[in-house]
Ligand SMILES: Cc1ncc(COP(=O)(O)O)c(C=O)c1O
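Shown below, as structure tokens, is a lone chain in the form predicted alone; questions about how it binds or moves come after it.
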């Protein structure tokens, strides 16, 4: 390969020999597209007519007054088609798939947003589509599974391991090895072997490029801090990518603190010291693993952040201290989501709400002259079952019981 894909000591492409030609082909297509201004123009045109770009910035006036500190602004990636930032990456990879002449796409998904976005892209471009999803995530994200199947995708529930995102990724790679001649793997986050971390980050950088320009136009200044949740890292890399050169802007990534500290209780790779550096799923980064390199169980109320690894680019940014990493617990996340719904009428996804939770901790201690920007990477339509259960909503329980009884009678 022409480029090793390392960021500091993280990254690389640890792949079986049989996949090397496929990765060479993908790297060549990616680098060619990146060097071709016409590709980015086509990409922006597609996103502006199909997915509501440029997404707006919303001033959270009520939350700002409530906390009494920094001015709170929100980048509205939830307004993308399919309800999340995931559309940015998959539509760009769809254009690359066309360039490579492939007819089938596969993907992994945790929260289901990437799966829905990939199924949408496949329907638009006419590709066959298979989505791999952990059986646990299939159960807790049933609305997204429904829409993937309605758009013609085959959804495969993966029962191996913990039956979550890492296991779906493993199964997708097994498929790709068997079908690489006509299939492109639309990896959903900034992880995996090179060129995926770099390519996904590049496509998602449309978020940060827009946000920086919008903040200057709207407020005349850059935000003091930018917040984004971090699972694999694609939405964080998207937002942060617009501000890397602005040293005055603090970049804050927020991981899934779950039930709190302790192996199996969370999915925190960088904010805690439970993760160690290793190689798995084709790349080198921090993983939640034991001393033998076996992946540990993880937990998060949000399916999309429930992952053992993290982007190698973010791992390098963590070690260079360009990005500060924090963790928010399940309880803090649900509380932050409820507060945002009630104060602003916005419905951030449980993943996104991690960023809100940390911003809400810090905003009151900041000056009223300062600005913070939160990336609302997705909306919570998909989370209605999980949220209703978490807040123990009696009307929702009554509705579910009634529906179950109706189905039994039918």
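Note that the structure is a prediction, hence the values are computed from the model and not measured. Numbering follows the first chain given and starts at 1.
The form predicted together with the ligand exists for this protein as well; it is not shown, and the discussion that follows is about that form.
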Legend entry - Contact test in the predicted bound form: residue 327 vs the ligand, heavy atoms, 4.5 Å: no
Inset, instruction - Using a 4.5 Å heavy atom cut-off, state whether residue 253 contacts the ligand in the predicted bound form. - result: no
Legend entry - Exercise: residue 363 in contact with the ligand in the predicted bound form, heavy atom 4.5 Å: no
Legend entry - Exercise: residue 208 in contact with the ligand in the predicted bound form, heavy atom 4.5 Å: no
Inset, instruction - Considering the ligand in the predicted bound form, find the one stretch among 41-49, 365-373, 60-68, 349-357 with heavy atoms no farther than 4.5 Å from it. - result: 349-357
Inset, instruction - Heavy atom within 4.5 Å of the ligand in the predicted bound form: which of 267, 203, 270, 84 fits that? Just give me the one. - result: 84
Legend entry - Stretch 366-385: residues contacting the ligand in the predicted bound form, 4.5 Å heavy atom cut-off: 377, 378
